[in-house]
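The chain below stands alone, shown as structure tokens; this is the form predicted on its own.
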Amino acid sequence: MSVARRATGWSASLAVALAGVVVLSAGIGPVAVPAGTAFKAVLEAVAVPTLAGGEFAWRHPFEFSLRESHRAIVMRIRLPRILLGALVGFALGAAGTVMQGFFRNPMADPSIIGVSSGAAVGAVASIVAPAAVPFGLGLEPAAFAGALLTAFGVYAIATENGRTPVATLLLAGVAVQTFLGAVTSFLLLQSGESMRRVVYWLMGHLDNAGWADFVPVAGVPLLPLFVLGCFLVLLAYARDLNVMLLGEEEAAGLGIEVERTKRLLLAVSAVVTGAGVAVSGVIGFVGLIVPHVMRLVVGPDHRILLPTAALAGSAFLVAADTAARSAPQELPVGIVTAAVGAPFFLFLLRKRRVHEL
């Protein structure tokens, strides 16, 4: 079977699974919504872009007779959170796949070059000392800026004479993460009454999701389009990433512009990870475990692995957040992903299913 057919088949199957998880999640909560009603409410949220009278607008092609209370619960409360979880999981799954392939290291994840640590410093600083944050950036912009500055700072530290050795980049990322962890701890000590908010953000959460996360400017869903655009760039370089698994010298011999490809993959992965972390806090193990599992299922070809890991990341994070908000006391989703991810990773180690790339 051709690569295109395998990628399409696996992606379609996972997309159907993701849709099923979304519908089930929409019906689960303190107030149960029947599955059929949840499905119809989710369909009502589907919007199609149209041009009416020369003006751009979104049209909803589906409309059903539903109890207003059920519609409000799904549309206003649960669905924005579910969609944000799917989007963040998609970003982390894709970025984790690229990082593991880039470093040829099954322990790599999206935060390996300090993106999450930088976002944490930016977010905590905006909460604890907002006057010290340049340009008066709010929490999410400050987190995003911190993520990008850290990623590009690590790259600059590791680059010498136009070359960026992978081992140097990895060590620089570890050192910067450790330093930024100390900065975050110091800010945490100074947080006073803001400590609860800071700790909650650091644990990862999706409970502040709203439709404004998806349609903030002129009716255009900027965040989903941004993540999708980054993903398409990464997917365009999936073949190059396959070749780079052979080693940098072999890849250069086969016509790959190694340093240019490394810069692009690092930059796009850092940007998409920073966007996800900025809106959700630090959510661990999604970008580590999901690529592992999908590599065992579909193989190491990134033309297939990248889209499947992204979709599986979406489904996993939506399911984890559903479990988090269904607990007797709502939990940050980062606790659930860590509680599930760590034992599963140890299971893979014991079964010797964690392979070198």
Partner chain sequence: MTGDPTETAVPTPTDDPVLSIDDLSVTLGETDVLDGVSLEVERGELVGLVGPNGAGKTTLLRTARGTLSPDSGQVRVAGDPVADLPARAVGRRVATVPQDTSLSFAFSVREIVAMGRTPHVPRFSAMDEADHAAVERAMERTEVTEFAERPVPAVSGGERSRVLLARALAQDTPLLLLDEPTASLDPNHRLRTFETVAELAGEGRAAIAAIHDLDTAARYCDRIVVVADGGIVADGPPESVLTGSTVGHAFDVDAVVTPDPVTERPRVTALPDVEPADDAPEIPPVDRVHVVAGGGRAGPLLTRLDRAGLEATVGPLSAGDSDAAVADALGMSTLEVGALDGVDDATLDRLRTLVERADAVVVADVDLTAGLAPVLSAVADSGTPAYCIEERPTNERTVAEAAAAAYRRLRVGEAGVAASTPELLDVLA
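If you're wondering where the values come from, they're calculated on a predicted model, not measured in any experiment. Positions refer to the first chain, counted from 1.
What comes next is about the form predicted together with its partner chain, which does not appear here.
Q: Using a 4.5 Å heavy atom cut-off, indicate which stretch of 166 to 174, 185 to 193, 205 to 213, 236 to 244 touches its partner chain in the predicted bound form.
A: Result of the contact check: 236 to 244.
Q.
By the heavy atom within 4.5 Å rule, which residue out of L139, C230, V133, I256 makes contact with its partner chain in the predicted bound form?
A. When its partner chain is considered in the predicted bound form, the option within 4.5 Å is I256.
(Q) Residue-level question: is E160 within 4.5 Å of its partner chain in the predicted bound form, judged on heavy atoms? (A) Judged by the heavy-atom cut-off of 4.5 Å, E160 is well away from its partner chain in the predicted bound form.
Q: Indicate whether E44 is a 4.5 Å heavy atom neighbour of its partner chain in the predicted bound form.
A: No, no contact at 4.5 Å.
Q. Does G29 make contact with its partner chain in the predicted bound form, using a 4.5 Å heavy atom cut-off?
A. It does not: once its partner chain is placed as it appears in the predicted bound form, G29 has no heavy atom within 4.5 Å of it.
Q) So which residues in 268 to 298, when you check its partner chain in the predicted bound form, have a heavy atom no farther than 4.5 Å from it? A) Counting only heavy atoms within 4.5 Å of its partner chain in the predicted bound form, no residue of 268 to 298 makes contact.
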